[in-house]
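Here we start with a single chain on its own, the form predicted on its own, put down as C-alpha cells.
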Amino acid sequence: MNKMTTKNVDVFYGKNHAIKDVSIDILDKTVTAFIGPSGCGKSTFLRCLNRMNDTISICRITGDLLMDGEDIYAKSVDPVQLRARVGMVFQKPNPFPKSIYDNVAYGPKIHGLVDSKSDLDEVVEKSLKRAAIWGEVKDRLNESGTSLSGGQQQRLCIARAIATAPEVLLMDEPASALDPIATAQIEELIDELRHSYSVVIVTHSMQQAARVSQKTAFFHMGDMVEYGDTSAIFTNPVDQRTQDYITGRFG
C-alpha cells in the first residue's frame, strides 16, 4: 500500500540541479532506505517529503509529491500541520532545552491534540514507551532532555516526533553521531516502529540499510539510479553504478 508517491520531482538550489526527475512509491508500514555517496541528494530528497526545503529561499521544487493521493505542496496545505503528520528525526540528537516531559508534550500541545493534563500524560508515556526509553527516564521526567546520553537523546527525539501521531517518520542518518551500542538500539527501534509507521531513513551505512529496511533506493549525483526490495538491491542490482557502490568501488 503506497503512503507517499513522488512523480518526476526535480529540486534546484539556485542554478544547481540537486535532484533529477525522481519518481518513487513509498510504502506504508515499511522501512525505505535512501543510500548513496555523500552529496548525492538523498537528504535533499528526504526533506522534500515534509517540506523542510521550504525554509531555504533559493530552493525550487517541481513535480508531484502526494501523500494518500493528496498533493502535499498544494496551497491549501499548512506545512506545520504536514510536519505533524510527517515527523522528522535529524542526524544529531537535538532535544529542546526543556524537561524530558516537555520535549514530548510540545507537539501535541501546539497542535491541539490533547484536551487535558491526563491526556497529555498518557501521550508522553505512550510515546516514550514506543521510543523504548520510558524505563530509563520515567523517574526523571522533570530533568532536562539535554542531560541524557547521546543515544537516549536520539530516542527522546524519536518520542517527540511520534507524539503528534504521525503517519510517516523521516530519519536523516539517525545513528551516525552515536556509538555502536546506541546505534543497535536505534536500529531495533526502527524495526519496531515500522509496524505503526511508514519509515524513510537516509543512511551512509549500507550494513544499516541492509539490516533495517525492506526497500532501498540508491541515489547518485542527484539521480535515483535504482529502487527495489533491499535484498535484491544488495545481492542482484540492475545498474552497474549500484553494483560499484555496493562493492566499494566508489563512495
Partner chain sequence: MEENAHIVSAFDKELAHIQDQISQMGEHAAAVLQTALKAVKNRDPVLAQQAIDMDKVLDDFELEIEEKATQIIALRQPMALDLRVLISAIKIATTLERIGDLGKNIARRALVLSDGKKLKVTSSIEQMGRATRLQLKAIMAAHQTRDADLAVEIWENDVDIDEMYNTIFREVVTYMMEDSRKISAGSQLLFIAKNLERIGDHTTHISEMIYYVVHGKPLGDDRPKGEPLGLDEE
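Numbering follows the first chain given and starts at 1. Bear in mind the structure is a predicted one, so any value in this text is a computation, not a measurement.
This next part talks about the form predicted together with its partner chain, which is not shown.
Query - Partner-facing stretch of 199 to 207, 40 to 48, 64 to 72, 216 to 224, counted where any non-hydrogen atom is within 4.5 angstroms of its partner chain in the model of the complex - result: Stretch 199 to 207 is the one.
Query raised in the report: Does the 4.5 Å heavy atom contact test between residue 25 and its partner chain in the model of the complex come out positive?
Result: Residue 25 lies outside the contact set for its partner chain.
Query raised in the report: With a 4.5 Å heavy atom cut-off, would you call residue 247 a contact of its partner chain in the model of the complex?
Result: It does: once its partner chain is placed as it appears in the model of the complex, residue 247 has a heavy atom within 4.5 Å of it.
Query - in the model of the complex, residue 16 touching its partner chain (heavy atom, 4.5 Å) - result: Residue 16: no, not in contact with its partner chain in the model of the complex.
Query raised in the report: Within a 4.5 Å heavy atom cut-off, is residue 21 in contact with its partner chain in the model of the complex?
Result: Although its partner chain is absent here, residue 21 would stay clear of it in the model of the complex, with no heavy atoms inside 4.5 Å.
Query - Residues of 218 to 241 having any heavy atom within 4.5 Å of its partner chain in the model of the complex, listed in sequence order - result: Contacting residues: 234, 235, 236, 237, 238, 239, 240.
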